[in-house]
Structures are given as structure tokens and as C-alpha cells.
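Only one chain is given next, in C-alpha cells, and it is the form predicted on its own.
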């Protein structure tokens, strides 16, 4: 294992009825801004629960943070936050609402344009923030990362802020989610795990087994969730898998990849493809392109996750890749660019963007623009 330093200060408050804990989790003297997306929290009852818990607190509301939150929208929230002297933010919704809130928290403390913070890659200052998570996928509820888009230039980049002080996760809030969002969420969680796992074998037995445990859980619960989305135990496993996939627990001391995510961000920025859906398209192509580099880990993954123990090594590797693509298919998601009308012009644009930025992703830092282009061609 590599040397590492690990700390995760976020407090998780998990289970039925836990939104009521907001009453004591947020100090009464805070001047709060509640941040929301498009209004689903008014349908699933979360909004009323939050209002009841904060009836003795002072707060304002900001609505309209979109999926793949844009800096254009977040600038408006920052202006409102500064004008109202906000000193605490509570994101109520999915990972996009929380990602946007992380930039708002930094932007309230910053004199310049919020996009500068994104381009810098991190924030030096921030007001405190927390979340009530209703759409599990991103793991944003227990990490410092966020991904922000800029509509004007069709760009999408990641940056880091503080961790949330706390995050409330009530699995019952997921019952009313559209099936497509659940499917994209499962794909996002799955690829979060393999970005940290599908690299070089022999780094850490502990990290490998933890990652494989999450993958096996996703494979087991995905078809059951499609049959019954109102099963509390199933949705608990789904929700907690999202958190554990990207809170740092499975990445301690091991190499990481993230090439698929970086390519997927470009597809979202250029075509508006839902993030998790972009990953189901790109990841099988990543494996097809890098199967020699990832040969050892693909063999391990094929055996431990898919039970592949027959055939030559080459056959087992190919089958592991095929099983991965089939899993995404079983979620009802596309796995090819052509299914989303994405052609060679987009591939050329992404290659040029990677080359211009000097990109070098993957565990070996060899996924440059040209290799990203090959990956995309293997997704056609």
C-alpha cells in the first residue's frame, strides 16, 4: 500500500424519521439558506419535514439548482447569500444540489467570480454546510468533492471544498424517485467503486474486499429494486452503498483511475447526458481499451464479482468486460455512444480538450487525449 493520511469529519445520521434531528443539529443562532432542486422534495414529503424541524430557526430558500449544477445558477444563490448574511447552508435533495451548495458555501466567502474557484480546483474558505440527501449516487454527502458545469462554454470540472458537517440519509425518501434516476445512481455508484478498484492487483487485500463487497451488493440489489422500490432494507443498502463508494474508505493507500469520469463529464457538458448514464456508456469502452493494462485486476474482478473461473485468461477477461456491460444494460441504460446520437465530432472535441489541458488520467497517468479518443471509439 502507498502511504496515506485519512480523515472524514462528516457525521452520518441514517434512518427513518431522522430529518427531525435538524432541530438540534443546526445551532439556533445560524442564519440559514436552504438549497433545493426542482421541487421533488415537495412531492415526497421531505420539504414539510425540513420546515417542521426548522420552525424555530431563521432561514431563506433558494430553488432551482439543476442536475449537473451550473455556475450561472449558483452565482444567483451566492448573491442572495451575501445579501442576507447567510452563515449556514443546508442542501436538501440529491448530489447535484449538494455539489452546487459546496460552491455556494465557498462563493459567499469569495470576492471574485465563483467560476474562478472551480478553475482553481479547491476552495480556501467556506461557510459551514450540511445535507439532507434524497437521491443517492454521488457520495457527495460524505466527501469534499463537487462537479460544476458552465453552460456558456459547455465545460464541466471538479473542485473540492470542506466536507459537510453532517448528512441525513433516510431511505424512505428514495421511494418516489424515478426508475431512471435509480438506474443512473446505481451505475454512478458502481463506477465510483471501480475507479478506485480496477487498477493494479496486490495493493491491499482490505481495500479490494471492501470494494468487491459494494459491487456484489449492487449486483444483488439492482434487480430487486426494479421489482420493489419501496423495500426499506433494499433502499438502505442502495443509499449506504452510494456513501461508502466515495467517502474515502475504499481508496486508502491504493492507486486510482478516474479516466471514465473525466470523459463522462465531457459527454455531459457537450450533450447533457445524465452523469450516471455517461458512465455506463464509457466504462465498458475503458475496459476494452485498457484490458491489457488492467489484465490482473480484471481476472480478480471476474472471479470475485461475476464468478468467472473457466476458460483462458483472455476469455475470462473478455467475459468480465461483457458482464459489466450487461449489468448496465440490465439497469435499462445505454452502453454505446450511437444510442445517444454521439458521433465523431464529439470524440474529436473531447480529444482536443484533453490535449489542450494536458490531461493524463488513469492509474498510470497514460489516458491522454489520444487514448481518451481510442476509448470513445471503443464506445461507438
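The structure displayed is predicted, hence computed values, not measured ones. Residue numbers count along the first chain shown, from 1.
Not pictured, yet referred to below: the form predicted in complex with a small molecule.
Between the options 260, 173, 131, 280, the residue in contact with the small molecule in the predicted complex by a heavy atom within 4.5 angstroms is 173.
Site annotation in the predicted complex: the residue of 311, 39, 27, 341 reaching within 4.5 Å of the small molecule with a heavy atom is 39. The small molecule is not shown here, and in the predicted complex it never comes within 4.5 Å of any heavy atom of residue 112. Heavy atoms of residue 107 never reach within 4.5 Å of the small molecule in the predicted complex, leaving it off the interface. Proximity of residue 44 to the small molecule in the predicted complex: non-hydrogen atoms within 4.5 Å are present. In the predicted complex, at least one heavy atom of residue 192 sits within 4.5 Å of the small molecule. Segments offered: 142-150, 297-305, 248-256, 200-208. Contacting the small molecule in the predicted complex at heavy atom distances within 4.5 Å is 142-150. Site residues 68, 178 and 265 are all in contact with the small molecule in the predicted complex, judged by any heavy atom within 4.5 Å.
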